[in-house]
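There is one chain below, alone, in structure tokens, taken in the form predicted on its own.
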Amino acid sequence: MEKYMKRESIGVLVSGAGSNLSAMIEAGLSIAVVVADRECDARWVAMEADIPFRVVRWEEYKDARDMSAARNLFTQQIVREMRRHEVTLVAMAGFMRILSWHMFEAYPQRVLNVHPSLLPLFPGAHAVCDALAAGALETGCTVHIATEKVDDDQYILAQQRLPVFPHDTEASLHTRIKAIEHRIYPTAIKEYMDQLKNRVPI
């Protein structure tokens, strides 16, 4: 079978300020498109770097007949945007929506995520708060291959630990975790893309 001849290109999924997106851009990663589920400040990060920015609004799909149908339609539109921009790897960067199986079928083992805890500990949207509530003495962040299971720890690519201080608040702890994410996520993406160079087209 024919092997990849073109450069891997990344589609980044965002929902907020785009700090991890900024870190990816600064690391020189090849980003083909940024897709958000809402209007957010990541738009300006993408525009400054001359990267196409698209919005697939969850609000336009949430009134489908049920949540599963809404998620399917929403995800299918995101996949269309990725295909349109010839994306070969998807990186979630603070993306706050659960995707349906359509994404993982379109990009098998090619959807990456960074999560603000040491998976399998504290999955979900409130990982930092949950770590503090549990009295954890340390936490950190995890880069992993995303699957239909939210915050799946089956395919961990990188982790880094950091201590939880007695005076930490959710905001202070999240800020320190973000600083680590900005270092290890672009590196993990680069290393994974290197591994993909010898794989056949998806």
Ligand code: GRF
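This one's a predicted model, so the numbers in the text were calculated from it and none came from an experiment. Position 1 is the first residue in the sequence shown; the rest follow in order.
Same protein, other form: the form predicted together with the named molecule, not shown, and the subject of what follows.
A residue is said to contact a partner when one of its heavy atoms sits within 4.5 Å of a partner heavy atom; G18 meets this definition for the named molecule in the predicted bound form. Contact between V114 and the named molecule in the predicted bound form is found at the 4.5 Å heavy atom cutoff. The named molecule is not drawn, but in the predicted bound form it has a heavy atom within 4.5 Å of K178. Contact annotation: R57 falls outside 4.5 Å of the named molecule in the predicted bound form, judged by heavy atom distances. Just one of A93, L118, I78, L99 comes within 4.5 Å of the named molecule in the predicted bound form, counting any heavy atom, and that one is A93. With the partner omitted here, the stretch from 28 to 36, 130 to 138, 49 to 57, 170 to 178 that lies within 4.5 Å of the named molecule by heavy atoms in the predicted bound form is 170 to 178.
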